[in-house]
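Next comes just one chain, in structure tokens: the form predicted on its own.
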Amino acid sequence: MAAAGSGHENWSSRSAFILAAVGSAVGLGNMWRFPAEAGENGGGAFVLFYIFCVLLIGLPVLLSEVLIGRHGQANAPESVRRVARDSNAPEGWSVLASMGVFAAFLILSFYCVVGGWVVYYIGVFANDLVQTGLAGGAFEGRAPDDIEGLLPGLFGNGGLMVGLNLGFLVVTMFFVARGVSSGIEWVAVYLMPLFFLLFLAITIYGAFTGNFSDAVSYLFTFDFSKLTGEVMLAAVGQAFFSLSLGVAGMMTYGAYANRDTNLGETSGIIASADTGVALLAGLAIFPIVFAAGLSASAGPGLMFQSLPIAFQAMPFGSLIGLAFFVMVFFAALTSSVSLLEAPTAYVFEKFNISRSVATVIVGAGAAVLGVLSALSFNDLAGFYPLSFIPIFAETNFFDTLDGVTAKLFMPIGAILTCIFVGWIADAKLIDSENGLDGLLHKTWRALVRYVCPIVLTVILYVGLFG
């Protein structure tokens, strides 16, 4: 069912909207980046400050983006334009959403590369399950160095990297091309519950077979001596990026929300679910890692290298490893669908073409950049596209796209969103959309107007010059 005057479909229900938005936020940022960041930044101190930052920064910006989309009932730039028009403000503020759409496109191109790694590990564990049987540990008879070398081995195979990346992208395109109700909502309504069931099962498995007490102590013992400036900045960045803010996805999904949806309450549920998944990811991964005697501070290699080694010593290791990476695949897919939907909605509405054609156009562009990103680990390892800029002097194509979006586009877009909602848009219009009242409304407005822009500006500065 299309929203009046917008050409948009609507979510079939409030629960579908919540599941889709949670699926957009819950992805590799929670399953891969959060445990890695917590491990590298001292555990409990990072976790406490991360939760604080979700409330202080993530939730206010999330609500700001969703209400813009719901009011505009269009693609993200057009939604901002409509809010500006209804507020008698310059329509040029739509640039904040245009930056988000472009950032989503860039992120999609390298996100699918990492999605391809997940598919690779699904295949590895499925093959191992066939070879070793159900009850034993994973990779029986193989040395830890051999297991750890699986990821570098994948990186060295350019053809396989490109194929996995394109395969993951094609699956994403399939669901986006089907539209809101038949594609995007289907992914959310069916895959997110399966994700949570697998997630809960693996967390329980870790609690009974791993070192759960040490994991709980590590994540929730708050040693404030470890709360350094570096740790605080890492927590702020993780809180911001894990909610998929600054990439126009929440504006786009907000445009499909019905008028009777309370956005304040819904945004709170989305932020809570996203944070809960991040914390559970730590409780699922660290017990298994600690039980195997491995380090929590393995960084990005924690999920793709340390965890497979840990599964070797665990009962039903191959089965649990397979289930774990299937679960991560579901999370990655719901997020990649959101990343593709933002630019696709813009293209098919802006140029008045069909959704399927727009999906192919955007997907083809992402495929080109994705191939370059996939080859950054092998054939194009020495190619540094922005070597003339000091902070990108020695970063390959993959890392450059990651850096440009994370350090530049996303924080600038979020800062502009806060300024627009807090200072430019008509206050009565904003008040009618946000679903808040009383002290909650006053607190949210103060955060959006003062706290969020200042903190995000610090993130921007540190990212570029720190």
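Start at 1 with the first residue shown and count on from there. It should be emphasised that the depicted structure is a prediction, and the values quoted were computed from it without experimental measurement.
The next section is about a form of this same protein that is not shown, the form predicted in complex with ligand PFF.
The listed set 79, 373, 172, 335 contains one residue whose heavy atoms approach ligand PFF in the predicted bound form to within 4.5 Å, identified as 335. Contact with ligand PFF in the predicted bound form, judged by any heavy atom within 4.5 Å, is made by just one of 242, 165, 359, 306: 242. Only one listed stretch (336 to 344, 214 to 222, 124 to 132, 291 to 299) carries heavy atoms within 4.5 Å of ligand PFF in the predicted bound form, and that stretch is 336 to 344. Mapping the unseen interface onto this chain, residue 41 falls outside it, with no heavy atom inside 4.5 Å of ligand PFF in the predicted bound form.
Contact annotation for residue 249: at least one heavy atom lies within 4.5 Å of ligand PFF in the predicted bound form. Contact check for residue 61: no non-hydrogen atom falls within 4.5 Å of ligand PFF in the predicted bound form. Proximity of residue 400 to ligand PFF in the predicted bound form: non-hydrogen atoms within 4.5 Å are absent; the residue sits far from the partner. Taking ligand PFF as positioned in the predicted bound form, the only residue of 397 to 416 that brings a heavy atom within 4.5 Å of it is 410.
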